[in-house]
Ligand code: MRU
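Read the single chain below, which is given as structure tokens and is the form predicted on its own.
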């Protein structure tokens, strides 16, 4: 388990570590309204697909608590509006929509049409999703650890650790799982421009928890691999299509191409909730484009002239570049269409 908390529920408030202030300040923010939670997701105070799912569920529960009516139909209508606001914050991470649907299922379950009872049920569901996420990531760590050799150097991109989940990690969960199995692991973290999640978050998280980490710039990856300095790559995912194509932080695709060229295994670690079984392939995954200031500025300081800027937040890694997908149930390899489908049978 990590030595910090990413998100939790306390006194009918949602508390999050402010990831935009890391690594310089470790600050926790309290949110009292669903609008504040939605803004936290949109502005990346919290980020990472599983963590966004937890935040969405808790945000919906927080909003439901504030609905001032005892009329069931009016209550449901208001919660639907709250859910729509929350799920409109970021388009690529499928866990956001998964969490929204799960909260909707609670309302539609027929367990109760009492507004107060349902408010309590939604609060509990948000907390259950957090607890389940931590347990799921631990299982991913156990399952994935078998793929990591002792004394390995593992490269990771962006942040798929405790900060991106309820508190253990997917890609970093595999690394934590290998360490807990007694293996000595070193990590190479890419800086992950333009938002620097690798430099600001992954390096901070691993160093804080005593896991050896070296930081490199994104354009060093090919050189590092050509020198035989990487034994495996493990990344997370924001959405996995049913054919095994993977949407992850921009730059992931390039790393997968380099890994394949150098014969280095490229693993994707993600919970089953990240698999979009309604999405046939990577071409159907929406790609979020973010503010151009993320490219032209670093920590508020302008570093580029006023020119045209393109800032896609994610790219698609084709299944042909993926050695295996690590889930909480099993390691899935090609053919992905069958292997991923078997996970939910």
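Positions refer to the first chain, counted from 1. Quick caveat, the model's predicted, so the values are computed rather than measured.
The discussion below concerns the form predicted together with this ligand, not included here.
Chemist: Looking at 44, 29, 65, 292, which is the one with a non-hydrogen atom within 4.5 Å of this ligand in the predicted bound form?
Modeler: Contact with this ligand in the predicted bound form is made by 44 alone.
Chemist: Of 241, 103, 158, 206, which residue is found within 4.5 angstroms of this ligand in the predicted bound form when only non-hydrogen atoms are counted?
Modeler: Contact check passes for 158.
Chemist: So, residue 237 and this ligand: in the predicted bound form, are they within 4.5 Å at any heavy atom pair?
Modeler: Close contact exists here: in the predicted bound form, residue 237 approaches this ligand to within 4.5 Å, heavy atoms only.
Chemist: Can any non-hydrogen atom of residue 49 be found within 4.5 angstroms of this ligand in the predicted bound form?
Modeler: Looking in the predicted bound form, residue contacts with this ligand include residue 49, since a heavy atom lies within 4.5 Å.
Chemist: Does the 4.5 Å heavy atom contact test between residue 34 and this ligand in the predicted bound form come out positive?
Modeler: Contact with this ligand, no.
Chemist: Within a 4.5 Å heavy atom cut-off, is residue 99 in contact with this ligand in the predicted bound form?
Modeler: No - in the predicted bound form, heavy atoms of residue 99 and this ligand never come within 4.5 Å of each other.
Chemist: Choose one stretch from 104-112, 245-253, 77-85, 177-185: the one whose residues place a heavy atom within 4.5 angstroms of this ligand in the predicted bound form.
Modeler: Going by heavy atoms within 4.5 Å, the stretch is 245-253.
Chemist: Would you give me the residues of 160-189 that have any heavy atom within 4.5 Å of this ligand in the predicted bound form, in order from first to last?
Modeler: Stretch hits, in order: 160, 164, 165, 170.
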